[in-house]
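Coming up is one lone chain in structure tokens, specifically the form predicted alone.
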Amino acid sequence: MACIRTRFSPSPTGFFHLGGARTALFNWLFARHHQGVFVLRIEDTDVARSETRYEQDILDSLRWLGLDWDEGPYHQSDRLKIYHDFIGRLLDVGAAYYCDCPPERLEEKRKAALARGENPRYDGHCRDRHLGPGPNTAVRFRSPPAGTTQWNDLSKGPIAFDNQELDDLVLLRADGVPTYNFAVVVDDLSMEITHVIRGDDHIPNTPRQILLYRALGATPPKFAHIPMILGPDKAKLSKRHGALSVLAYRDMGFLPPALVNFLARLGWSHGDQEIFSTAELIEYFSLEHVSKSAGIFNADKLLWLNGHYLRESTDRDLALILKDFLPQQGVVTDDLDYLSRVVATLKPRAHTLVEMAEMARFYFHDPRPYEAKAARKFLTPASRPGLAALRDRLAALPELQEEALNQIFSEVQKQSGLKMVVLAQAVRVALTGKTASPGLFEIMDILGKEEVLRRLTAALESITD
């Protein structure tokens, strides 16, 4: 088999979102599965809307997801001469012609077609006028007026279009800039792309592109049009469904493998398996198992997956990443040994790194002010004797060992008459400011004897009659 070559070709006209990321992922997986080549191409001919910051966002997102490319990034803006050369080839064989129809005429014809209930299409006014190049002159494709254009889509199956529905599309605008359908054909042809994997919203473009390939005497690549991602309400995915830019998910504390796993399962499956390593995704990925129906975005599933990958990560690796989220909580630390111990207590409970950073704050800062409801319920005059006795017993210990802590808690509980849950929660609020936290003995071991005594004393001083 010839070398498989796929491509991802985003436009830098906005921040990189989940739909584009999944398209990139499927192309990357297909190339990697077949030991092929993954090409990155930036389609930046829309000068008015293309911005450097959006391109940088695309590159940073792909790198963060681990989707490395073998060639590129190529830029369409650097390839204008190539497009003009291919225009010359189409003009030479009579497959294209010049058109000087003014925008006003085209708009008038468009409105008239809509008024008749027809789809707007170019009426071929300049098709046989034999015009030459000139100011305000575009180049159009001489589309065949009859027959059908069909292909066997690797995802959807056989698809056919009546050529009468395909008008003479503009290939080169009057300003010399190529249109999307023309530029993408030239790019894919000259870059020897073998498989085009893209969203099924591109299906209407495909027959036009196939006709251009044929006009250039070339064999089209194989096409696979994958289903869109929809929100839970089956509407087009948008911000209101929780769909944000890829780097927004990074900033919210999601891990790259979790998002990659989530995107892969939006429209693709391998049996009933839900969790995949990158190596497994590469091994199992095939277009035959891409669903024909839309993938449904499920924010809860993404959180569940991220929690899984947090728990599977080593404490040290998570500490390295979590360190960058702590400044949001007013915490700055380079002590990775301490932070690794903190992470070990938090990762069973957290779903994101932002959530973990919030949970970690009490390890670094005084927990006051306590949660109001927690303090009212557990830091009370009734709990004061038990807390004071516990503090004094702990102060007498040379170090806070679990066996000794168990014995002291049990003895203080019996002597004070407090229920164990009340005593434990009073201590928890004193140490963390909250009623939910990792295990008390874990917390006390990490905070150390001196800090535990200081916090218990502060809690006792906060209790008023």
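All residue numbers are counted from 1 along the displayed sequence. Source: prediction; values computed, not measured.
Form predicted in complex with a small molecule: not shown, discussed below.
K.L.:
The small molecule isn't shown here, but in the predicted bound form, which of 331 to 339, 198 to 206, 115 to 123, 285 to 293 has heavy atoms within 4.5 Å of it?
P.N.:
Of the options given, it is 198 to 206.
K.L.:
Taking 4.5 Å between heavy atoms as the contact cutoff, choose which of 260, 184, 353, 139 touches the small molecule in the predicted bound form.
P.N.:
The residue in contact is 184.
K.L.:
With the small molecule left out of view, choose which of 180, 161, 74, 297 has a non-hydrogen atom within 4.5 angstroms of it in the predicted bound form.
P.N.:
Contact check passes for 180.
K.L.:
I'd like to know whether residue 43 contacts the small molecule in the predicted bound form, with contact meaning heavy atoms within 4.5 angstroms.
P.N.:
Looking in the predicted bound form, residue contacts with the small molecule include residue 43, since a heavy atom lies within 4.5 Å.
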